[in-house]
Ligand SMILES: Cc1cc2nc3c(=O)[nH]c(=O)nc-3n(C[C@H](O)[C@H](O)[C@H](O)COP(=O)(O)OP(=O)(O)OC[C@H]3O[C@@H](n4cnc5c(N)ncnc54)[C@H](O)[C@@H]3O)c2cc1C
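Taking the form predicted on its own, here's one chain by itself in structure tokens.
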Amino acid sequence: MYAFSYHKPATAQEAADLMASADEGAYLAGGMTLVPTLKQRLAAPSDVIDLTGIHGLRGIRTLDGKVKVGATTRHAEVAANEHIPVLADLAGRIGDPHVRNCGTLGGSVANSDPAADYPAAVVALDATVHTNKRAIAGDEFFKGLFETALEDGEIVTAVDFRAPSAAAYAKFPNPASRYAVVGVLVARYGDQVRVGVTGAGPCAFRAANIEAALAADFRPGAVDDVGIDYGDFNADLHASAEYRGHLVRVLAKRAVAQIGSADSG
């Protein structure tokens, strides 16, 4: 990797000030994306600003039906917390033990990798992304491939997830990386249904047509006739856009079936 200056600030304001004064700064949380990028010399920041020393950015708290997860909370910690079981299940299927014990929720959300798992939860679980400047609705956070609503230098500090009455996450993982070729999270909030999709398009999104079908008839078969527009879906050596469209329907049905099984049990 190229040489850079390393900083470990104690506050979010100090981190933001360091970023503002850097020629080309980069924030470091778990390092699961940044460190490999640096090692391969695909990035050359002048300054790396480590956020893990900032007090208050790590931990999980519950309040009024919501779960607040600090940005530097490790995937393994989320996986061990049962306040929102579907979020714990999702986190427990990220990568491998090394990734789960190093990677952070905030880093994953801020990176907006099209195949990351957490973004499906952000949009499906009616989340709010908190930063050092403001609160951003989960539905408005992801903008495109590795693109979010974050402004230059803005730091994710926590994410609030609204606990659903029932939910399930179905994922078709890459056999090597365990990234989601496609992942679908279905959540019920009374009569409302929210469906978050990751892996299929440039960024996570809600599948409004599937939501409408399930709100009218919450069973796997209700998804059979829903049209899946895969025109803008990702296509690579792992799956074509058309196949990803097929997976969206299949995984949505599996998630609904899982919820039905839990309800009947």
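What you are looking at is a predicted structure, and each value in this text was computed from that prediction instead of being measured. All residue numbers refer to positions in the sequence shown, first residue = 1.
The same protein has a further form, the form predicted in complex with this ligand, not shown here; the description that follows concerns it.
In plain terms, the part of the chain that comes close to this ligand in the model of the complex, with a heavy atom within 4.5 Å, is 87-95 out of 87-95, 160-168, 186-194, 120-128. Taking non-hydrogen atoms only, residue 226 never approaches this ligand to within 4.5 angstroms in the model of the complex. Contact check for residue 133: no non-hydrogen atom falls within 4.5 Å of this ligand in the model of the complex. Remark: residue 103 counts among the residues lining this ligand in the model of the complex, judged by a heavy atom distance of 4.5 Å or less. Among residues of the shown chain, residue 83 is not one whose heavy atoms approach this ligand to within 4.5 Å in the model of the complex.
32 is the sole member of 67, 32, 214, 203 with a non-hydrogen atom within 4.5 Å of this ligand in the model of the complex. Applying a 4.5 Å heavy atom cutoff to this ligand in the model of the complex picks out 150, 154, 155, 156 from 147-166, in order along the sequence.
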